[in-house]
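The data below hold one chain only, encoded as structure tokens and taken in the form predicted on its own.
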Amino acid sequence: MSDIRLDPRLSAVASLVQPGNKLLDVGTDHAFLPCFLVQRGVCPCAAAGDLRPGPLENAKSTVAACSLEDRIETLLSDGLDSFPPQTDCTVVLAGMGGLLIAELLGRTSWIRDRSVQIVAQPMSHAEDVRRFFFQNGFALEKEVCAADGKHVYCAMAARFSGKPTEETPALPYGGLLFGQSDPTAKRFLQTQFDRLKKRRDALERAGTDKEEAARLREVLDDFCELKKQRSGSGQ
């Protein structure tokens, strides 16, 4: 049986998965995450889905190499479309853009159940995922960051609460990372701040889209305020 090892990005995702839950891995690619979690007894079983036949064949090969065919099913699926409604499970969406993750979650009604944990790891625009959670009654439970070379990734766990989260302008850009003492989280936040500032500066120099420039000024001011407010919170 092959022993699966995860890179820092997927290790961060794995650290958030609730033990004992069935894992539903959306966009599984090589199925490294489900094989890792089932091998180590974190998840009793898993379903691994991918949109394209090629990656799905890679997933099947990994599952077979790990002798886990009886515990991990593979299926061709656009997002969660081919996954039957389930409870007591963890849905993972990792390695995609934030807007795509939000779109896939938005068209799946059965995830609005308190027994369903959502773990998301956006490769870009994490604010789109947090904004979806905040506006659709999901509560963020935990966020972690991981560095792999020059890249820093964030992963977040959320669950349906039925209550929208009150947003400040910058909250979607940092979520629970504001106030964390972890150096990698601080590095991620700084990257977000720099990206927003670069965009604002470009708009102000060009004198175009003054409304967006004003919005970004508000976001950046709130960003600094949230960092200041939560720096002593012990999060």
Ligand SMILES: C[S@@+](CC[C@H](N)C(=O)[O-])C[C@H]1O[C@@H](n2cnc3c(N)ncnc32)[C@H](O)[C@@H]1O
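Since this is a predicted model, take the numbers as computed values, not measurements. Don't overthink the numbering: it's just position in the shown sequence, from 1.
Keep in mind the form predicted in complex with the named molecule is missing from the figure; the text below concerns it.
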Does each of Pro169, Ala202 and Leu220 have at least one heavy atom within 4.5 Å of the named molecule in the predicted bound form? no
Which of 157-165, 124-132, 142-150, 78-86 lines the interface with the named molecule in the predicted bound form (heavy atom within 4.5 Å): 78-86
Evaluate Leu105 for contact with the named molecule in the predicted bound form, applying a 4.5 angstroms cut-off between non-hydrogen atoms, and reply yes or no. no
Would Arg40 count as a contact of the named molecule in the predicted bound form, using a 4.5 angstroms cut-off between non-hydrogen atoms? no
Non-hydrogen atom contact Gly179 with the named molecule in the predicted bound form at 4.5 angstroms: no
Examine Ala46 and determine whether its closest non-hydrogen atom to the named molecule in the predicted bound form is within 4.5 angstroms. no
Proximity to the named molecule in the predicted bound form, single hit among Val26, Ala59, Cys35, Leu189 (heavy atom within 4.5 Å): Val26
Which residues within 47-81 place at least one heavy atom within 4.5 Å of the named molecule in the predicted bound form? Asp50, Leu51, Arg52, Pro55, Ser77, Asp78, Gly79
